[in-house]
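Starting off, we have a lone chain in the form predicted on its own, written out as structure tokens.
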């Protein structure tokens, strides 16, 4: 598994397409995909939006996804920085994204953080 993380609009998907050999057709969008189909997805983008959709089930779903699809590339925004949201539901979502990100990172061979389009390998070997 490979995890690509970083802030919004930092070039995470472009990195997956250019450097990891992912094709546009390989990408399942976490905002609109059918979660049951992700066990075979080559790449999942906007995983943080999938977490929003799954709510409290996101933690167990992520654990199962890591077991069933260990070769996936998962793209997830860092959303834990900045002002703490006023809405309780937004705080819960933010916490769930962090927990899911930790699960994905722990199960990944490589974790890459993208800032301003520049990748930094924070876990695994840099090729």
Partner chain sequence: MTTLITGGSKCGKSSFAEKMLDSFSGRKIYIATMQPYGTDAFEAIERHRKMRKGKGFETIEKYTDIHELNLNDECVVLLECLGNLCANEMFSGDEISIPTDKIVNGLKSLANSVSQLVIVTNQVCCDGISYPDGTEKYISVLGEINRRIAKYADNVIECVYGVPVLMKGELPC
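Positions refer to the first chain, counted from 1. These figures come from a predicted structure and were not determined experimentally.
Although it is not shown, the form predicted together with its partner chain is what the next lines describe.
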Look at the stretches 78 to 86, 65 to 73, 52 to 60, 32 to 40 and give the one with heavy atoms within 4.5 Å of its partner chain in the model of the complex.
-> 78 to 86
Is residue 97 a contact residue for its partner chain in the model of the complex, using a 4.5 Å heavy atom cut-off?
-> yes
With the cut-off set at 4.5 Å between non-hydrogen atoms, does residue 111 touch its partner chain in the model of the complex?
-> yes
Close approach of residue 17 to its partner chain in the model of the complex, 4.5 Å, heavy atom = no
Although its partner chain is absent from this view, report whether residue 22 comes within 4.5 Å of it in the model of the complex, heavy atoms only.
-> no
Interface residues of 101 to 123 toward its partner chain, as seen in the model of the complex [heavy atoms, 4.5 Å] = 101, 102, 105, 111, 113, 122, 123
